[in-house]
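Let's start with one chain on its own, the form predicted on its own, as structure tokens.
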Amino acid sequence: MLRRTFLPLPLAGLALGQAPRPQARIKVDPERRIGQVHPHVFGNFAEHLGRCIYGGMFEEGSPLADANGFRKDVLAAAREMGVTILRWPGGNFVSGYNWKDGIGPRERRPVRPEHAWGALESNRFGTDEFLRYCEVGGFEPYICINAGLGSINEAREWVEYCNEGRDTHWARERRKNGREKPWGVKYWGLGNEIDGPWQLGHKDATDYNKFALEAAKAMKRTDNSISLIASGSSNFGGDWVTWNRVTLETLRNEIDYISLHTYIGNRENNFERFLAAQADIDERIEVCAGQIRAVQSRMPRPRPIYISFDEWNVWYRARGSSEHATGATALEEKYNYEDALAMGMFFNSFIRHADVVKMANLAQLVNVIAPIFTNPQGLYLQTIFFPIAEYAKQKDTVALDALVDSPTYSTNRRQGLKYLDVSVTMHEASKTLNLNVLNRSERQDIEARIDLVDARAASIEAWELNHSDLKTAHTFGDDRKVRPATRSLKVTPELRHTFPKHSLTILKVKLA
């Protein structure tokens, strides 16, 4: 059951019989800085799953593909969306993947059964194709190793193949396959969701960390410049706190990040409870950040360790026993307007924790729980595409700690949730504030007074995503229903703005 609480309202100026409008306050001090919003927070993820790779990113022989087989329309949409870093090849897929199957002449590569998602893997898209895709697209590559059924030596050799510049066996193999200079892959994940019983090669915390520690040592002896991401817990039904504590204590001298994964859904068809997931996201980040600080407190010269939120999205329709949960059309989630609002909730949380969340990867890029959806003739943009692309413009800004006083509501699990979910960034060069405001009330517009400390507005532009129907979705030839609108606002001595019910607004305030 939801319980709503609204703040008292001054009644002056209301017409007879008019319902009072809930009031809020947002106070922004440009000196209250959290940290840099790292560009890699606007990352993405591509897994060998359904039509993400084959028929999405990569479609040999298609008139829409370039000479590499890369779909040019998908690449253009990914650039427009602001993708900065791309994680590959999984995901659950990687825990049964041998990277050596995906190099060399394509016609000689083995076709193998793939036991994570129940498909056949042709291996026609492998390491060199992925790294070339990133090079063409302008994305930083992030490779996740097989810590399930794979070996430490396979991981070490993968780094050598990608990054070795000397005349070694695997460097020669790379050159033989058409790449003379090293690819220079900086970011490497030490496995995927290994705490999950669903994972091939599932391990407990002790066994995983023995493997990950030795893999980290071997990989860094091959290339000491790489950055490593530990497989943090994704099994929040289990003892995820202990898993992360053991992982941080064991790998604290080797890793640069620890990963978190979260997917949300609206199975109860309750909009406000759906967006209450913000509290879970914040809590998981804050617990993990506290564990990082605890580990570092016992180190004389602690190395920086950050959070990589390298899988996140709305995902609940196309999973479980659904006909679209496995096989050639696996996980083809069709997103609606309320899912687009959830994008703002995730990004607001990442921005509010910009001091520790330095990477995040939306899962996934195309067709599979994705903002881009293709068929052989073209593509359309799902509703979630537009907030992702807009937030990505805030990379390299500074996150600010705003004071937010808002009407609240409660669910059966959470109390005192603010209807206005807010994050604020500042672009220092242009002296522009971005006030990112998600109104989670299903029925109430909320007016907010905006107080700027030691600053005043010269101009204000509003970017707003709004639609009357929470369930409105896009499809081929009809992807313009949920689109943002922009307009200039009048600057007044007392800044006020009404945030419409179930809407996402970004106020761009240029300071005088």
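Numbering starts at 1 and follows the sequence shown. It should be emphasised that the depicted structure is a prediction, and the values quoted were computed from it without experimental measurement.
One more form of this protein exists, namely the form predicted in complex with alpha-L-arabinofuranose; it is left out here, but the text below deals with it.
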| property | result |
| --- | --- |
| Selected contact from N123, T250, T222, N92, since only one has a non-hydrogen atom within 4.5 angstroms of alpha-L-arabinofuranose in the model of the complex | N92 |
| Option touching alpha-L-arabinofuranose, based on a heavy atom within 4.5 Å in the model of the complex, out of F211, W117, W183, W99 | W117 |
| Any non-hydrogen atom of W315 within 4.5 angstroms of alpha-L-arabinofuranose in the model of the complex | yes |
| Any non-hydrogen atom of V37 within 4.5 angstroms of alpha-L-arabinofuranose in the model of the complex | no |
| Partner contact for I145 in the model of the complex: alpha-L-arabinofuranose, 4.5 angstroms, heavy atom | no |
| Residue contact check: A155 to alpha-L-arabinofuranose in the model of the complex, 4.5 Å heavy atom | no |
| Stretch in contact in the model of the complex with alpha-L-arabinofuranose, which is absent here, among 482-490, 23-31, 457-465, 41-49 (heavy atoms within 4.5 Å) | 41-49 |
| Members of 167-205 lying within 4.5 angstroms of alpha-L-arabinofuranose, judged by heavy atom, in the model of the complex | N192, E193, W198 |
